[in-house]
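Here's a solo chain for you in structure tokens, the form predicted alone.
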């Protein structure tokens, strides 16, 4: 039950919050989220004593059609478990001053439980159940506690992601059925499934690729993301960008790459080209945004393109960089969305032209926002540089042209991030500006941002510990001689 506890504890906490009254739900959410985070950190000890890429595993008895409750933890899953648990604590504390109902607090714990299940599942059926369960709490977080356009954004989020999940389900069913037809055994175990070849393999690959691609999201399946981010409450945007967008890339790593290594290499120019479209298109869209939240949303589309470039490069450096960038993006974008939420709480505005001269009114907010922006654009010494550099270096070994196109995205990130930062914090404020309503960060907000920013600095200066944790996962994806 050592791994089951990771999703069961927050699920119990969610029901406890629903049963709580008044402020009790808030305290229950904080208590359970802190306990889960502490437990996830403690798991590093048992994980280190494990052997092979799966440091910890938990297997249950078979059910029907080969379905079995199998959980396992490798370095990538453990790092994403840490990120999920940490950002859940951050979201609860960041929402502390707001008078949300018990449903709000329980939704974040249910969301944490479902995300933990996705990252832990070794059985594809269990994986899909948790994958779908993630949609429900996020739908309510956006649709009930979001901004004015919350209902439209929530429905668009649900329809797009559910549509993608149908492609995923068809692909997984075809994969399992083909294995049964050719080998005479029903199994959903990720390590026991083989991929079909020829046209059948290409169709199965395409279905699974679309299912995961919607969640990242990849162009042209991305249009739900800006609306969802814009209308979601700040904490909802933190979990959406910080963790949920990682599910698609995690699915590529866990399902597609191990099962379709040869087909992946053959399709690499097309996949790399799609990742470059994400980078360039997301960056150009971000440059034209006047809403700070939508700008960060489109920047997520661009930055996740680097993750896809890295993991599909088929090189140790690229795969490790792509996996590391998942964590980097979660910390950096989570911090940016949280600070936009702090601005919106104070002024109920988030347009670039709505502010100005905040450096004098909110120096601490100016300092932390600048720190996160520097990490986002890949300043050496901060976390974003390490992941993007390794992803591009890995792709340069496989397809140098695609690496050069991807590198343009780093220049474009500076072109949209720094002017936005300058307009909000350093430019002269216009008449009627909302800056007068903005007060500086309180102690609670400073503490949260110090933790996030110091984590960005630590990874930027000493990424070796996380790269070592990811090494067994990378070795299974890039075995010697697998890729030319």
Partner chain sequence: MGLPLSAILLFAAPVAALLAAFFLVRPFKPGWTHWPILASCAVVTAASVDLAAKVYAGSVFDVPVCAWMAAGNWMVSFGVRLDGIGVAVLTMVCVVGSLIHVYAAGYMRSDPCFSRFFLSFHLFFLMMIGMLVSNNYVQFYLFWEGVGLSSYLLIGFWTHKPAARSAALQAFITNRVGDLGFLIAILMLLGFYGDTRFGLLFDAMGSQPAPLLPLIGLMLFVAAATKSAQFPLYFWLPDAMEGPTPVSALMHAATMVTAGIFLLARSWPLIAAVPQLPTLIAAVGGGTAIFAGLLACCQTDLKRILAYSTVSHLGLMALALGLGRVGVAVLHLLMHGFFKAVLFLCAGNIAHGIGKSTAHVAEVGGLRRSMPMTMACFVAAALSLAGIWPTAGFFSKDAVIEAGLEAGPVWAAMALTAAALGAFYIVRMLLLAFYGPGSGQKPGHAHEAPPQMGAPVLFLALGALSAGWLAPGIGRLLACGRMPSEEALALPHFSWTVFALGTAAAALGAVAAYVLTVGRPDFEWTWRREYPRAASLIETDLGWRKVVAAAAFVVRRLSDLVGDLLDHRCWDGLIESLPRATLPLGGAVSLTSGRLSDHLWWIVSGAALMLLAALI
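Residue numbers count along the first chain shown, from 1. These numbers come from a predicted model, not from an experiment.
Keep in mind that the form predicted in complex with the partner chain is missing from the display, and what follows is about it.
Undergrad: Could you tell me which stretch in 378-386, 252-260, 267-275, 326-334 has residues with non-hydrogen atoms within 4.5 Å of the partner chain in the predicted complex?
TA: Checking each option against the 4.5 Å cut-off leaves 378-386.
Undergrad: Check residue 350 for me: does it contact the partner chain in the predicted complex (non-hydrogen atoms, 4.5 angstroms)?
TA: No, residue 350 stays farther than 4.5 Å from the partner chain in the predicted complex.
Undergrad: So in the predicted complex, does residue 74 come within 4.5 Å of the partner chain, heavy atom to heavy atom?
TA: Flag for residue 74 set to no.
Undergrad: In the predicted complex, is there a heavy atom of the partner chain that lies within 4.5 Å of any heavy atom of residue 450, even though the partner is absent here?
TA: Flag for residue 450 set to yes.
Undergrad: Is residue 56 a contact residue for the partner chain in the predicted complex, using a 4.5 Å heavy atom cut-off?
TA: Result no; residue 56 lies far from the partner chain in the predicted complex.
Undergrad: Quick check on this chain: which one of 204, 120, 317, 302 has a heavy atom within 4.5 Å of the partner chain in the predicted complex?
TA: By the 4.5 Å heavy-atom cutoff, the listed residue in contact is 317.
Undergrad: Even though the chain is shown alone, can you say which residues of 294-316 have a heavy atom within 4.5 Å of the partner chain in the predicted complex?
TA: Heavy-atom contacts to the partner chain in the predicted complex: 294, 298, 316.
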